[in-house]
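Shown next as structure tokens: one chain only, the form predicted alone.
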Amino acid sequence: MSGHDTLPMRVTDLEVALVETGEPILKGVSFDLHPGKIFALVGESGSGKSVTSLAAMRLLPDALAITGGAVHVDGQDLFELSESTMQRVRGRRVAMIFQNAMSALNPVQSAGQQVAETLRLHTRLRGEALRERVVQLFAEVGIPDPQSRYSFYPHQLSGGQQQRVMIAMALACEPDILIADEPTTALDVTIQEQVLELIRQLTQTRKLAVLLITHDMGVVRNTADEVAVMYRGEIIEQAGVEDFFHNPQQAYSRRLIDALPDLTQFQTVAAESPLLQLDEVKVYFPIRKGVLQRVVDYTRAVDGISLSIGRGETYALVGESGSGKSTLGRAILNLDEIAGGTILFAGQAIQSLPRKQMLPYRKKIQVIFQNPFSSMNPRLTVGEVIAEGMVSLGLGLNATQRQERIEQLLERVQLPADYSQRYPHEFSGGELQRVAIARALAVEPELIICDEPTSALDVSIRAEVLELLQQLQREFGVSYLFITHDLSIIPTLAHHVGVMQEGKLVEQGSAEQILTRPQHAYTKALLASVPRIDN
């Protein structure tokens, strides 16, 4: 045991297999976690990163089983403990932050109650002292107005705040080891930087041993002390972070690093005739109070936005969560009513068209959502999902022609034609996003609103999806309004950029101008938060 007792966690030859077939999922995974150090486990979706963390916590789903190896925490093998002893280890000694805070939090309990529950289980704090400790933790992880946020439910918090609640919960019992599974995947760059800075600080101040699971090489470069690359259930390379980025040994590692966008290559901007023009567009949501629910004020979600998108051009709309980007997208689609201003599509005002007259424009303006899983009917095959728009928007094709078109579209987005018979749950996130692109293209639109379509994808898959979108733009002359919080993808993708803050457009211009010569303080702050690997 003497070799283990100075290490918070040592994973040795960990093996996991599918229960039904015995097919190996993890093959001899070994690594050590050190106090005050961040160990990053990187690789694409399906490489085994999350399975490693779940196996270490003994939280594997029933379909998977640990078939070999050991996980020692302070010299004690977790696989030899009873489940009741293991429950005391989880949360107290080893804590975990999950990838999707919204699905990990209980929707019917307030944020404060959920953190208090962890403390009640593992400590003797009760009553007012318990509440004070939760408020203190909320303040420590940077949740604004922690006193009142205590009684907020998860849906009342932004994505970044939900993630902070998860971190507060993980840190509540002062664990020695923190496992962070993609903790910043769907967060804005500024919030991502704050969350990572918070994890870095806590690693130092609390001497935490951190296992950081991520697919973002920029995050690794700026956060980790050591890196291990996973590929198909094996660690194929492990090194200190400096060595790794300066001299990666494996071709796969090099590919992960090379998949990061080039921040020096910009799209050439041509003066195209405008396809979409917004003039002083406003979207206000009423704030109601009292028994009679009278309107006392308005949330100015979109507050006087003017912009123009040329034919065959990409306009990137950036800003943090809650800045009004998606609301503006919904207003263009006539899904949110506008309080003022005009929306011109090919010279025609469409902002107040009745449903029937809006129908032809539904064909011309399509949308790709952030989460393809939630935007598709799980009971329909992918072929039926793609056909839906063709039928409802009256494309006038018979069943055979529709099937041909579906197969052509799948091949256009680099998926085999016979995938049309499969259901959404049979696809990876990257494949499903391609299906979403095929669905949007099915009705031959002139403008596609892309609402964070790459935020949950691996770097290499993200690079493929962006390349595909550009290829389709060159081929079909389609325009994109690309809503994103990821500034690193803008140079390769966008011709023009608009920066949104609190419902207003604080700056807009060509991508090169905004990224190399930003004028507004907010734009500068956003750019400063982008994780880079060249430092």
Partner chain sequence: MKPLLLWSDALVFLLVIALVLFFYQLRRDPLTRERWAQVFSSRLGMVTFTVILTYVGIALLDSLHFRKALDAPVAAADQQSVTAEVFYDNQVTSVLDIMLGGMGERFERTYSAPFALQSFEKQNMKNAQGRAIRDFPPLEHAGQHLTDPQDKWPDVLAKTLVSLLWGLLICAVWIAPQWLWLRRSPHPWYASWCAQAVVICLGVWMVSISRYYHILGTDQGGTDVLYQSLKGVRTGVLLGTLATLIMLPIAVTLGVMAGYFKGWVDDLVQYLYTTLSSIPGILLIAASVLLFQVYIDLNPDFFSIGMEKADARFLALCFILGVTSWSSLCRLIRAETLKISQLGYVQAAHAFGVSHARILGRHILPNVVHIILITFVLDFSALVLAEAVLSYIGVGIDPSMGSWGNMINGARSELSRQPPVWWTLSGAFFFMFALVLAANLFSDLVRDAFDPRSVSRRSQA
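Everything numeric in this text was worked out from a predicted model, so none of it was measured. Numbering follows the first chain given and starts at 1.
The same protein also exists as the form predicted together with the partner chain; that form is not shown, yet it is the one meant from here on.
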Looking at 343-351, 124-132, 304-312, 418-426, which stretch has residues with any non-hydrogen atom within 4.5 Å of the partner chain in the predicted bound form? 418-426
Contact test in the predicted bound form: D279 vs the partner chain, heavy atoms, 4.5 Å: no
Classify G396 as contacting or not contacting the partner chain in the predicted bound form by the rule of any non-hydrogen atom within 4.5 angstroms, answering yes or no. no
Although the partner isn't part of this model, could you tell me whether L335 comes within 4.5 Å of the partner chain in the predicted bound form, counting any heavy atom of the residue? yes
Is Q192 a contact residue for the partner chain in the predicted bound form, using a 4.5 Å heavy atom cut-off? no
Using heavy atoms and a 4.5 Å cut-off, decide whether L157, R200 and Q204 all contact the partner chain in the predicted bound form. no
Contact with the partner chain in the predicted bound form, heavy atom within 4.5 Å, among V283, A463, I213, V367 goes to V367
State the residue from A239, I236, A139, L380 whose non-hydrogen atoms include one within 4.5 Å of the partner chain in the predicted bound form. L380
Across 386-401, the residues having a non-hydrogen atom within 4.5 Å of the partner chain in the predicted bound form turn out to be E388, G389, V391, S392, L393
